[in-house]
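Just the one chain here, the form predicted alone, laid out as structure tokens.
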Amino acid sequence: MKRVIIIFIAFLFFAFVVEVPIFFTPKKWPKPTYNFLKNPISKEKILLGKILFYDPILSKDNTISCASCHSQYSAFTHIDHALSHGIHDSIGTRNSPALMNLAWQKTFMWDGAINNLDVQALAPISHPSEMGSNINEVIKKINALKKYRQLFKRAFGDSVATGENTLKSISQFLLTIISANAKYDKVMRKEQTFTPQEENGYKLFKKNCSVCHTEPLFTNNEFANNGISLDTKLNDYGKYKISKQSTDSLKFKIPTLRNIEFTFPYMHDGRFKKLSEVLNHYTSSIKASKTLPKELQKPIVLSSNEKVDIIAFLLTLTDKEFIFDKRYSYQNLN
């Protein structure tokens, strides 16, 4: 009995002391698209979601967690390989997208296969080359653990985990992953100023890149064919896989450029390792096709120095406070 009391006190200490991030809308940002009425935010749900995010229990063999492909120190993506890795050393079919500012997104995945953050985790959980499990197996394992019965009781008032509440708690933690304090943001708030090189890069960026990578999120959350050639091994036609509409062929979700310094390799298949390679693509390697947008039907003209200036600006989108915020980290669970 004494041991049980000690464990319970330790749990209460853990639940109250572990600091978790809370959702907020940065000033002058658009209204979030996420429906908070269907999943009211709370510290208890966020904490539960954070613990699940770092727990490999979500995978079939208990070896892969969400954080395996979405590391905080690379802006919640991976950087050591082009395509995601999963159970049994499996290799996925796409580069892992960076996770941030998800409350402002209506669709998820490179092809837009998911349109609700509250069910997004089902995709990697069930993908055979990622977590290789299913929600029923996950719930069975979760309900067998006392720590989760206690956490679900605090978060939802019921110690029995359900698929719906498990997924909603994960999305609650994902909602709090907000990056809005890079040098760019401080300049916009008039707390700092760009260097002349960064300022010129910003002007060039607005002229050549902002149609798709719209401020302040640095994405318009749409889908586009950016003129990269088809990878003949993956044969990935993007959104077409979901819609089966020819007008969606080779269209992929436009990623945010926030923290792009840390989110290499780039593109849906991770083909580019450097930002210079990305810019070289847009100036000299655009592949014409029926779905190529008008903005890219003529190559972007940039000198070598202008490319360097754009990269200098892109580096102002690095939010190191976000990258190293202990409230998001695994270490803060211990």
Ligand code: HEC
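Quick caveat: nothing in here was measured; it's all calculated off a predicted structure. So that there is no doubt, residue numbering starts at 1 and follows the sequence shown.
Form predicted in complex with the named molecule: not shown, discussed below.
If you check the named molecule in the model of the complex, you find no heavy atom from any of Ile57, Leu151 and Ala161 within 4.5 Å. Of the candidate stretches 188 to 196, 226 to 234, 153 to 161, 140 to 148, only 226 to 234 contains residues with a heavy atom within 4.5 Å of the named molecule in the model of the complex. Heavy atoms of Lys43 never reach within 4.5 Å of the named molecule in the model of the complex, leaving it off the interface. Interface membership of Asn39, defined by any non-hydrogen atom within 4.5 Å of the named molecule in the model of the complex, is ruled out. Looking at Tyr34, you'd find every heavy atom of it more than 4.5 angstroms from the named molecule in the model of the complex. Residue contact with the named molecule in the model of the complex: His213 places a heavy atom within 4.5 Å of it. The contact residue chosen from Leu102, Ile135, Leu217, Ala182 relative to the named molecule in the model of the complex is Leu102, the criterion being a non-hydrogen atom within 4.5 angstroms. Shown without its partner, the chain has Leu58, Ile64, Ser65, Cys66, Cys69, His70 in segment 58 to 75 as residues with a non-hydrogen atom within 4.5 angstroms of the named molecule in the model of the complex.
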